[in-house]
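For reference, the chain that follows is the form predicted alone, supplied as structure tokens.
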């Protein structure tokens, strides 16, 4: 007796969801990011208008002056959806936790020159309040932004900024022996310290910006591009001569995060700028006004930390941001 086994191939009638197939232009296999992002936001059949802004629908493209034929063109090049985002951050935090454990077990923070340790207290720990502002701003964009392509990514940025604020707080607690005194001092510096008031003024003004895309430009392009290179590169490099190498390990997450997130910010702004001349003019105007504020905000801090070299460091950060904006098709 012979047993013959035959196989039959089944050809799928379609490879992905219809809405994804329409957007990609053909019925072809889509990435999980595409299927988890496209058209997730409702566009009609809303139950009510917001009572606080009855001129808008719950999700309304008119909440920004930027016009897009399709807001889902503002894709995230990292292709983060919940699964990939949490996996990526878990890996980054595993490395960060090892760094904290290494520094803490060996009491390496005690090797930092006391004068420089005071400067770290002065310039780093109050930034937890800057990160809180960034958390609030990205949360606002998530709330009123249009299209899951942007609001999904800004929600992840919201949580990232909360995590960074917590890391800064942990650095402070490590420095003060867990007493929390460093956090109290940082709060007073943020509220009353002369060198922090331009920064605080800028952050608080950003909290009430009505146009969510302007807020995206202000926070995720301009503010971060002036603060992160100064704090986690310029200040960090000078700190090496004062025994601050352990701080570099503790802040490695922030440096890596900024490089990764910049790819997403660049993609969003470049896509919007290339959509139309009107968009490019709007984005350029927002960039110019907030860049001026950001330079003025970081200058007193840089002067305090780097003294005579402070203005030169700020100028380097400004030129880097300016060149970046040019690449993104903005007029600077």
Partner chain sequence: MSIADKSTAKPRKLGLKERYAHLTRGLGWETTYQPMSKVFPFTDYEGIKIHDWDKWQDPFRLTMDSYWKFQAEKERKLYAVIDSFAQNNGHLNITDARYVNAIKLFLTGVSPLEYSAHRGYAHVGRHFVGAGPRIACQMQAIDELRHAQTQIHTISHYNKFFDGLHDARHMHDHVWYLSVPKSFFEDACSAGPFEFLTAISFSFEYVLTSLLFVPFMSGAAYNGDMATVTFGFSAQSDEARHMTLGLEIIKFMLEQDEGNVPIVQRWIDKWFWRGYRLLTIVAMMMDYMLPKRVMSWAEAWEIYFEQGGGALFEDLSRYGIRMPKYHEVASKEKGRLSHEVWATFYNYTQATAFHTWIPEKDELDWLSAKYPETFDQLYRPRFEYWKEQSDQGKRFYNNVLPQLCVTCQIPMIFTEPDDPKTICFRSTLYKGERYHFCSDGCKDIFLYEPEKYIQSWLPVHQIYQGNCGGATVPEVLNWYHMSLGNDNMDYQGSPDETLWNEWTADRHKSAI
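Residue numbers count along the first chain shown, from 1. Because the structure is predicted, anything quoted here is derived from the model rather than measured.
Just so you know, the form predicted together with its partner chain exists too; it's not on screen, but the next bit is about it.
Taken together, 158, 190 and 204 are fully in contact with its partner chain in the predicted complex: each brings a heavy atom within 4.5 Å. The stretch that touches its partner chain in the predicted complex, counting heavy atoms within 4.5 Å, is 139 to 147, out of 139 to 147, 239 to 247, 216 to 224, 258 to 266.
For residue 18, a non-hydrogen atom is located within 4.5 Å of its partner chain in the predicted complex, even though that partner is not displayed. By the criterion of a heavy atom within 4.5 Å, residue 195 is excluded from the residues contacting its partner chain in the predicted complex. Contact annotation for residue 8: at least one heavy atom lies within 4.5 Å of its partner chain in the predicted complex.
A residue is said to contact a partner when one of its heavy atoms sits within 4.5 Å of a partner heavy atom; residue 40 meets this definition for its partner chain in the predicted complex.
The partner is absent here, but in the predicted complex a heavy atom of 253, alone among 71, 253, 123, 228, sits within 4.5 Å of its partner chain.
Residues of 163 to 177 placing a heavy atom within 4.5 Å of its partner chain in the predicted complex, in sequence order: 163, 165, 166, 169, 170, 173, 175, 176, 177.
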